[in-house]
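Okay, so here's just one chain, in structure tokens, the form predicted alone.
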């Protein structure tokens, strides 16, 4: 198993650090070479379908000004010499070599992996002391950056100079370190941190999904809306005379709450919602320009090469007592339990040798599954 943990094993990291305390991993990526240059990152920030920002601590209209892309090339020539950062989201969707970095984090569930954001900072650039609500690994590319990290804080420590950055009040660092190329800093949720570029540098941020209670409740309730009963209503056939008609008594509260909880207690319904929710692609759904005929697909599979999952494709599965629920880009596909081997290959490997796929073509259900997924552009062929 690939991992970027240095001398730590995945088991040691999960036991001692994951969601517990920050950790510096020296040379997690030994002899690290940036998979793209700062000019290429700036080029991505100029594209219409790429989410990007520039944060200026100084030199903007006000302190910590945030500007949103897409930018023009001339925008970068007008920036000051220091104290600014450009951040580009989901670069793993754009650059295969960046997407390959995620293979070093597969000891964590795929559904927890979010994306890779890359930042380029001018000397003294950063986004200020802030918190994130999720786990993040910060991989140092070219240049160097000084980081301080504090103990986890509550929401009362957040201050908002604008709506873009979750700045926090001054904190006492429990870690003060400088990262060099290939070094990694792991930061648990809610630990305040600040990185300041000691020279022009690149940082690769691998973030992890952490759905909030509010998002899950709102999403689940919305998914059940059409299933809520209009005829099932509050009832109290054992109603008794009470001392004051203005009181809402405990038994009434319990009945009303039970009516709500019963509607949300269906485990199968929640599993289906969760699978769809987690596999919804952040960049939105997309379709290939044209659908590849099934005959062409299986002629390709008969040859040499690999099948590559498109970086924007999210996939997960849930093993049910009598079925396998496969979720691909929020689409639910119910399969026979015998499909588990194929599903595990699809969900566990980003690149699948075609020779490994050929055995699944003997099963009609799996043959149709693979045909459909390739036709929808979730997987593409690549010759070796």
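Small disclaimer: the values here were computed from a predicted structure and weren't measured. Positions refer to the first chain, counted from 1.
Beyond what is shown, the protein has a form predicted in complex with ligand SIN; the following relates to that form.
- Note on contacts: among 87, 101, 122, 184, the single residue with a heavy atom within 4.5 Å of ligand SIN in the predicted complex is 87.
- Scanning 130, 146, 112, 75 against ligand SIN in the predicted complex with a 4.5 Å heavy atom cut-off leaves one residue, 130.
- Heavy atoms of residue 140 never reach within 4.5 Å of ligand SIN in the predicted complex, leaving it off the interface.
- In the predicted complex, ligand SIN stays beyond 4.5 Å of every heavy atom belonging to residue 307.
- Contact between residue 93 and ligand SIN in the predicted complex is not found at the 4.5 Å heavy atom cutoff.
- The closest non-hydrogen atom of residue 313 lies beyond 4.5 Å of ligand SIN in the predicted complex.
- Relative to ligand SIN in the predicted complex, residues 117, 193 and 203 are all within 4.5 Å by at least one heavy atom.
- None of 132-140, 208-216, 291-299, 167-175 except one has non-hydrogen atoms within 4.5 angstroms of ligand SIN in the predicted complex; the exception is 132-140.
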